[in-house]
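Given as structure tokens, the chain that follows is alone and in the form predicted alone.
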């Protein structure tokens, strides 16, 4: 079930983000804070909200578009913060990674908007 996949992955990502935040606090090195924030919000919170929607609206979860949206978002939600880490550690010449990740997340969000528009009933 797509909602279960999204919910499970989101909590794993949130735990990873929390551990990264704890590590930054322990070392007092907050250089990677932007990656930590994007990992938690895009990978954890937003993915969890998608999972809840698909759980509440099973007709939406049953569509092929939902499966594509899920896969895209998971890939983008991981690539985006990893790309931010690469840029912060290797320099701006590596900007292609967070750019690609952000565009993938945007595409997934647009697909989710289409799913919601088609399946949300008043």
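Numbering follows the first chain given and starts at 1. This is a predicted model, so every value here is computed, not measured.
Unshown form predicted in complex with a small molecule; subsequent notes refer to it.
- When the small molecule is considered in the predicted complex, only one residue from 65, 82, 33, 72 comes within 4.5 Å through any heavy atom, namely 33.
- With the partner removed from view, the residue among 41, 57, 86, 49 that has a non-hydrogen atom within 4.5 Å of the small molecule in the predicted complex turns out to be 41.
- Proximity of 98, 103 and 105 to the small molecule in the predicted complex is absent: no residue of the three has a non-hydrogen atom within 4.5 angstroms.
- Although the partner is absent here, residue 11 is not a contact residue: none of its heavy atoms lies within 4.5 angstroms of the small molecule in the predicted complex.
- The small molecule is not shown here, but in the predicted complex it comes within 4.5 Å of a heavy atom of residue 18.
- Contact between residue 109 and the small molecule in the predicted complex is not found at the 4.5 Å heavy atom cutoff.
- Residue 78 falls outside the set of residues with a heavy atom inside 4.5 Å of the small molecule in the predicted complex.
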